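Given next, in structure tokens, is a single chain: the form predicted on its own.
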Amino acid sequence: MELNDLPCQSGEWMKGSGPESDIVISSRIRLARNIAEFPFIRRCGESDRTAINKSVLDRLKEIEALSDLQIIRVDELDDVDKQLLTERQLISREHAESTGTRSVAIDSGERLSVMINEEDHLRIQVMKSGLDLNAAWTQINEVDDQLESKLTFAFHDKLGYLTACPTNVGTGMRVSVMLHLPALVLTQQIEKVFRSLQKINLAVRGLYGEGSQAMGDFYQISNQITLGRSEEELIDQVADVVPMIIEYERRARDFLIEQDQQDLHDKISRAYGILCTAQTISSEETMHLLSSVRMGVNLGLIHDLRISDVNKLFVDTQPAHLQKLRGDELDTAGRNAERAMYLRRYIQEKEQNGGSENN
């Protein structure tokens, strides 16, 4: 897998093939781990960072099941390539923007990524399409066990795994589900849902996690507490709530169809029309319009696109992906024109082919 090939393929979470994928984009579990013999990253010198990077990569090569991971030195990438990995959810924004020796190991299906020298020495993450937390936990637990057989992680008998940020101490686990909730936004019920989540210690974040804004009606729901609870309890906490949010979103969609069908159809048709004809369009506007189109596909109002197509467009129209697909660096105006042209061509091709096949 080469970086230049990434924009031409669909990662696991983009395929829209998992359970409840009309509303749930992806399920992700992330584990924070630190190697006992080294200080936390913020106290590491460059020699420590280099030693940590080498130690982890050497251990990964020793584990047969992980030996085919693609290793990428993040600190040696240009800004566009760093942003490309961020847009595909393979590294965090912090990992992209940090300094010093750091790497990421990625599997060919983009389900597993291991960030080295992020906020912690290791950030292991597994992503699955749709609502599939149990499968994500099974995979990441196995990877964690394999790494722990080769590395000594910082661990306290009472506190659990020790992490750079106190909020991660304990399991070091973040369980998150990314949902597409346009109907709850349109019916102005979204804030009520968020307040309910906050009362049970679940966090709501944007498309790119902590500190990011919601775009295209995408929201990440994740646990806030990691200390004093088992991994299974944290997974259950999120897994028990998400089906209720899915049900609220489906009811809101039904309400819109019953009460405002003409307005809803008009909103979706206008969004589709703009995407088909725009000569220049920003990333933010594209996200909002694609959100309406994605709901239109799910409601059977748009027939030439599938969920996998819309998910792909969400990613391919992001700044770094556009520039990689074009093979050239573009300023803001250039990206807006290129984005509009890409959308027109993609949708026209799908219309001519009578709809696409699921990936």
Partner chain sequence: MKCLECEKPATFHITELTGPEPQELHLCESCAQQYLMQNPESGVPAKPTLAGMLAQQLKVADTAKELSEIDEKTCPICGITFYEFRNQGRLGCPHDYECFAEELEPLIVNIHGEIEHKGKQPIHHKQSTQTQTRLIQLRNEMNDAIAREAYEEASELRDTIQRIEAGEEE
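None of these values were measured; they are calculated from a predicted model. Positions refer to the first chain, counted from 1.
There is another form of this protein, the form predicted together with the partner chain, and it is not shown here; the text below is about that form.
Colleague: Only one of 175-183, 78-86, 253-261, 145-153 has heavy atoms within 4.5 Å of the partner chain in the predicted complex; I'd like to know which.
Modeller: Looking at the partner contacts, the answer comes out as 145-153.
Colleague: May I ask you to choose, among 71, 276, 225, 241, the residue with a heavy atom within 4.5 Å of the partner chain in the predicted complex?
Modeller: Contact residue from the list: 225.
Colleague: With the partner chain left out of view, choose which of 229, 205, 267, 288 has a non-hydrogen atom within 4.5 angstroms of it in the predicted complex.
Modeller: Only one option qualifies, and that one is 229.
Colleague: Are any of the heavy atoms in residue 130 no more than 4.5 Å from a heavy atom of the partner chain in the predicted complex?
Modeller: Taking the distances in the predicted complex, the answer for residue 130 is no, it never comes within 4.5 Å of the partner chain.
Colleague: I'd like to check something about residue 190: if you look in the predicted complex, is any of its heavy atoms closer than or equal to 4.5 Å to a heavy atom of the partner chain?
Modeller: Within the cut-off, so yes.
Colleague: Could you confirm whether residue 167 comes within 4.5 Å of the partner chain in the predicted complex, counting heavy atoms only?
Modeller: Yes.
Colleague: Consider residue 160 of the chain shown here, and say whether it contacts the partner chain in the predicted complex, taking contact as heavy atoms within 4.5 Å.
Modeller: Yes, contact at 4.5 Å.
Colleague: 33, 195 and 201 - do all three of these have some heavy atom no more than 4.5 Å from the partner chain in the predicted complex?
Modeller: The answer is yes; 33, 195 and 201 each reach the partner chain.
Colleague: Taking only heavy atoms into account, state which residues of 107-139 are within 4.5 Å of the partner chain in the predicted complex, ordered by sequence.
Modeller: Counting only heavy atoms within 4.5 Å of the partner chain in the predicted complex, the contacting residues of 107-139 are 119, 137.
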